[in-house]
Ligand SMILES: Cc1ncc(COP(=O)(O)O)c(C=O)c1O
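Only one chain is given next, in structure tokens, and it is the form predicted on its own.
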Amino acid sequence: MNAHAFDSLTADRLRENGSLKWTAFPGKIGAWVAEMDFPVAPPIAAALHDAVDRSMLGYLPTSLVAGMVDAYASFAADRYAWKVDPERVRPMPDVLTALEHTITHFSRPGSPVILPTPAYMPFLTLPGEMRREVIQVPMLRDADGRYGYDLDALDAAFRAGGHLLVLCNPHNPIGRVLEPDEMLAVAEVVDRHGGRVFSDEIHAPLVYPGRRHVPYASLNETTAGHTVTATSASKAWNLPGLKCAQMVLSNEADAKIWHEVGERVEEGASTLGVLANRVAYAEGRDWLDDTIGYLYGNVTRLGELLDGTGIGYRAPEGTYLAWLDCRGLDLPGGADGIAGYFREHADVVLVDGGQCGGAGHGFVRLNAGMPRPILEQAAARMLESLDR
């Protein structure tokens, strides 16, 4: 594989940069928090420097919001063939805030939230903070390690009183990019029960060759009618600290409700975050394509390093998250699970699969969005720790 500028980033430099990912566990390789280690795209950096130079740090202006929603609508049309009304693309601080308000305003009061697992960790805890039960629906896994939805179990979850399904595509932590046919099958179950869907598509721009992201709400009038979509430039362009996301309302009824309740929530999106998201969607596509190529090299290389080691691995179809099957290693779990073992014995910090729901026990999530030499070092340390 050819050398890339990202290869020159060192662990010491990343620690000096001061991110949580690299400073929370001194001296260890940070492969846990879902953010990349790469420098910001030049057009975004230039726009942010200009904004600071002009002291553009006041409350969020409507003109900036208009620019961002137009940029997202154009990006969605070009990348996903999804034509959305810019007026129905609303600024949010982050995807979790969008989920919170979707539960509050678009799901049946007091109803359980249905969550396919393994899942992004806060999806398991946020509903409980809102006094909502979570019904975990373990995903099915075929002989090749590819996950899919258990339609019978989804049906049972709706029959048990669940109303809002949290759908994640591309799926964190397992890296699946859902195909239209399987989403239509899910939609049939949702529609049969009069349910709703919160579609987390924050990783949507990060899809690898051979796969294509299709927004769930774009499938047909039925999915548009029962879906609230949340996305952001924060993962694909590495901007999570700037606090900006987009909530896409794909039907008139939801748009009407949001017009009445959403103003205060939208004010939580930061001025610089909205600016950075606009520039990412409008001017950051070349950087994105180059970064996807680098990440694809990383997840491919990881497969080479883990082949025949006893750690099961199926390369993600999207995201930069690697889901590693360690069930055959007979490692001591302890209070922090298998991730605790690798943190202690390999100095690599991962997310333990048990934090992703019952279906995640025995797995770990590794963030491959790092310089390739560091990724290779992380894998080597993990494998060396197994020989002790």
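The numbering used is simple: start at 1 and walk along the sequence shown. What you see is a predicted model, and the numbers here were worked out from it, not measured in a lab.
What follows is about the form predicted together with this ligand, which we do not show.
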query	finding
Contact check for D94, F123 and K235 against this ligand in the predicted bound form, heavy atom at 4.5 Å	yes
The unique member of A76, L164, A204, C168 whose heavy atoms fall within 4.5 Å of this ligand in the predicted bound form	C168
Heavy atom within 4.5 Å of this ligand in the predicted bound form - the one residue of L48, L331, L64, A34 that qualifies	A34
This ligand contact at T223 in the predicted bound form, heavy atom, 4.5 Å	no
Residue contact check: N172 to this ligand in the predicted bound form, 4.5 Å heavy atom	yes
Contact segment among 277 to 285, 134 to 142, 150 to 158, 94 to 102, judged by heavy atoms lying within 4.5 Å of this ligand in the predicted bound form	94 to 102
